[in-house]
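Single chain ahead, by itself, as structure tokens, in the form predicted on its own.
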């Protein structure tokens, strides 16, 4: 009867997990999704995600796919999120599921990814956001941050904005189509969109922009940082818990 492939859109609070990818500890979000699928389908499908996220990073729209023999799939496709969510921890939810062509690939077929980073810019932290936003108590110069953010847009060598994983970085060039800063009261949101990202690249960009916002670097510093290709010349990595993988486009 052949094989069926499904695309899942997954949201999760990453506070209790070691990132998306499966872990020896079993504390990857992928581990939880695969356990739920194993209870639904005897073939124990494996899951391929669109992105790896760091420990503590959240997601609203991570995409993933899995394959299952057609004879094992005995429910309407629209019931799949309900069935999985009944088996998943409450901090992980499948938002939608759809059958896709066998040629679809959640990782290699991506056109762009959007991340959003939340900053709480007030002397007193909102306790309800403590696991979802970086508390920055110092005043921020939003105009300087926006000037600097615009310099990240385009195709650049982002070697100065990635963390060394202990392996050779073969291709440090990435294209950003958006890097913007919004403010609503004390809530500052940084939106970063591009074709792909290096390890901890978003967090390095955010950390640099926040440091520009309180005067550690000038608003015009980003082009020299990019040209220098030296991680030590750019800003700190923002904490993981403020970052959300917002959506993935195909």
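Keep in mind it's a predicted model, so treat the numbers as computed, not measured. Numbering follows the first chain given and starts at 1.
Not pictured, yet referred to below: the form predicted together with another copy of the chain.
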Answer range among 169-177, 94-102, 140-148, 68-76 for contact with another copy of the chain, defined in the predicted complex as heavy atoms within 4.5 Å
94-102
Given that another copy of the chain is left out here, which of 132, 162, 110, 114 has a heavy atom within 4.5 Å of it in the predicted complex?
132
Just to be sure I understand the contacts: of 153, 125, 88, 83, which is the one whose heavy atoms reach within 4.5 angstroms of another copy of the chain in the predicted complex?
125
Would residue 58 sit within 4.5 Å of another copy of the chain in the predicted complex, counting heavy atoms only?
yes
Can any non-hydrogen atom of residue 11 be found within 4.5 angstroms of another copy of the chain in the predicted complex?
yes
Go through 220-241 residue by residue and record those having a heavy atom within 4.5 Å of another copy of the chain in the predicted complex; state none if no residue qualifies.
none
